[in-house]
Structures are given as structure tokens and as C-alpha cells.
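You are given C-alpha cells for the same protein chain in two forms, set apart as structure 1 and structure 2.
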Structure 1
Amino acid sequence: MTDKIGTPDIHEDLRRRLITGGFVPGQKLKPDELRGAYGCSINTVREVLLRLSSAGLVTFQDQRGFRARESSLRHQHELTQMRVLLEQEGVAISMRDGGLEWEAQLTAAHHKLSHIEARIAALGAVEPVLDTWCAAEWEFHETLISACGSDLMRQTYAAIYDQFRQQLVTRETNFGYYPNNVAEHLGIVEAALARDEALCRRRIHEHLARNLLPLDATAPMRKLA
């Protein structure tokens, strides 16, 4: 069978769905059904699912097949810790090495995200603009570290970010949207543009701290994008 759309497009679409609540955690991903949906060969689907498995978004077991990764408080805690470390270090280097172009890109990314978040507040719902919001949220945080000068750091951050968002963005958590995001994003960008490293590090940690596992593992967790 000839693929109707290319393998990279299938991979990107499945990745997007996995990190924006398109699949329930633990949901079985059936290659035959996906083959029909994407109009491609079953081997293409298997190849894409194996790549997504390597990226930590899909699990595979004999007799059980492919599944969207299960939710786990422990895994979310570890991903949050790693994301905080990478984002803090990446923005610290970007503040030292980034020039006017980085400032302009960061300001533009924040403006776009703020506009979309204002739209969410007006609508009272995330789902109508979910894909647009998730893309803008990624653009803002990736731009924060974009002047770090390390492709490896950016690639590692992207992988951790995807797994983090998959854990967070579900219908049950209002897709990870939290109203305080607006003020917290503003605080981060203001500290970054002021080149205040200590303050920026603190605000990044505060922005993500609600996703850290409580010392009492039985306590309820509050979610934050």
C-alpha cells in the first residue's frame, strides 16, 4: 500500500495527539485501525509507533501491543524535576548569550501565548483552541532556552517536555490549563528580559512546582502547565 501521507506527517500527528490528550493514558493503539485512519501500510504504522516508544510516549509489550503511556505520579515528578533543571540552565545561558534577536523572539512568543490564554479565559474552555494553545505554550518555553547554544540540550528538553505534557494534558485535568499560567508566564519573561538569573530560575521552579510529587504521596496533586 502506498502511504497517502508521508511517514514524518504520521509521526508528527500521532505525537501531537499523544501530548494533547488525544488518547486516554494506557489506551491501546491498534496498528490496523491507525493504518486505515492514515491510509498507509501497517508496517509504516508499526515503524512510527516504535519511534514513539523510543521517545517515551508509547509502550510496547508482547501480547499487549502498543499503548499510550500510562499516567504515573512518580514519572510526572521525575519529568518535572528534569524539565525544571533543563529549563533553568537553558534560560540562564540564553540570558548570558542571547541578544536582541532572542529578546524579540521571546517577546513575540509570549505575546502569542498571552493572546491565546486570554481567548481561553473568554471562552471558559480550553478544548476549542487546544492545539493552538499547546503549540504556543511549547514555542514560549522552547524560545526561553533557544539561545543556549546546545543542540543536545534543546533536543533533550524537547523529549522531556513531550513526556511531561503527555502526563499532564488530559480531559480530567482540563488539558493542563491553569489560570495562574498567565501571570506566571509574564513573571518568567520579565525576569529573563531583565537578565535576572536568580529570579528567573525561581519563577520557573514556582511555575512547575505544583507538578512535583508531594512528600505525602497520598495527598492530591494540583496541576500546572
Structure 2
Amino acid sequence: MTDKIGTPDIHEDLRRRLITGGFVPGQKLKPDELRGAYGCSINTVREVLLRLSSAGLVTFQDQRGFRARESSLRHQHELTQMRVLLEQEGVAISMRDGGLEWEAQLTAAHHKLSHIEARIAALGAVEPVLDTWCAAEWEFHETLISACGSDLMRQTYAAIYDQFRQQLVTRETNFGYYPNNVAEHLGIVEAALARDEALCRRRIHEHLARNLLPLDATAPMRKLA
């Protein structure tokens, strides 16, 4: 799609701050203030924000500047819906086309993730290993669909996932982690390796549907704090 901007640090750094809850939702993002932290001009910040806005992390209104995205329940629902759709389709194709290499990468990603989640269970808290866990969770889900053969699908999924993560981390929900993760991730891997598409689709839906809670009362409650 597009490469990095002239000052890669700004783009990466702002993106990170946005998805890790560095800004409160709805907060105004003034190029003139952000400029100082990076020692660059207003216009450069402006370009970066313009890009982040098209990635969905930032909202933009003409003559009214940029804001950190505010998430309504409806938007979070739509986000989850899209994520389920893309992940189900991506994994289905991967199960069909993926070979031994994909299976190996998947088991590797799951191994790392489950190991980290075991540590979380032992510690009783996510915070100490939050960054590690976030990276592992992303790598796991990305690997699931990595053999789908479509860059477009993977890029679209990545954009959705970023917004998704932004919402999760922003809330006081123990950062989106909940104990059932361990069992559910394993279940997904098993179904994928067994090439049981229907089962895999169902388990992905169950795994992600917790976030549908507000609009889908049949889904199980997410663990809060």
C-alpha cells in the first residue's frame, strides 16, 4: 500500500501511543503540540496524522483538526464483526492452501503465546508482560490467516486489529486478557490442524464474540478486572 513517511519515527511512535492508550479517546491531537516532542514541523505531524486517520486510528474533520478515535458500542461491534469475518475466511483458505510450513509457524506462534499466558496465570496479572503478550497475541492471529494468499486481506485484517486493540487497551478491562484465552487458542489451533473448517470457524467466533457483548446478549460475558 504505502511506505513509511519521511520521518518514520513519528509515524510509528504515534501509532504506538494510539493503540496502547496513550491518548484518551476523543482527545484533540494538535500538530503544534505534538511537534515539540519530535522536533519537526507542523506539516510533518499533519501528514502523519492524515495517514493514521485513514488507518482508522484518528478521526479528521475539515478545518476542525484531528482527534483520537472515540469508540461507540456500535463501532466496537462493527469492528468485531469484521474481524470475525476476515479471520474466519482467512483461516479457512489457509487451512486449504497452507502446508507444513504454515502448520509449523502456527504451532510455534501458539507455543509462544501459551507460554506467556501461563506466566500471566502464575503472576495473576497481565501488566508485567503486557507488551510481550500483545505482540504474541497479534502474531498468533496473524499467523492463523497468513497462508490465505492475499496481502489485501491481511492488510485489511491488520488495520481492523489495530483499531480493535486500541479500544481494548483503552478500557479498564485488564487489557483484553481473560483466562479462557488459553483454552480457546488451543481449540482454534487444533481445529485448524485437523482441517475442520466448520469447527474452526465456530471457535473463532466464540473466541472473538465476547466483544460483541453489548449488542449480542447471548455471547459470554467478558471478564472485567
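In this text, rigid core is short for the largest set of C-alphas that superpose within 1.5 Å between two forms. Given the structure is predicted, the values throughout are model-derived calculations rather than measurements. Start at 1 and count along the sequence of structure 1; that gives the residue numbers used here.
**Q** Between 1 and 2, where do we have the form predicted on its own?
**A** It is the first structure that is the form predicted on its own.
**Q** By the 2 angstroms cut-off, has the C-alpha of Y161 moved between structures 1 and 2 once the rigid core is superposed?
**A** False for Y161: its C-alpha shift is below 2 Å.
**Q** Taking the rigid core as the reference frame, is the Cα of A37 displaced by 2 Å or more between structures 1 and 2?
**A** True for A37: a C-alpha shift of 2 Å or more.
**Q** Under a superposition restricted to the rigid core, does I204 display a Cα displacement of 2 angstroms or more between structures 1 and 2?
**A** For I204, whose C-alpha is compared between structures 1 and 2 after core superposition, the shift is less than 2 Å.
**Q** I need the CA movement of Q63 between structures 1 and 2 once the rigid core is aligned, reported in Å.
**A** Superposing on the rigid core gives a C-alpha shift of 8.1 Å for Q63.
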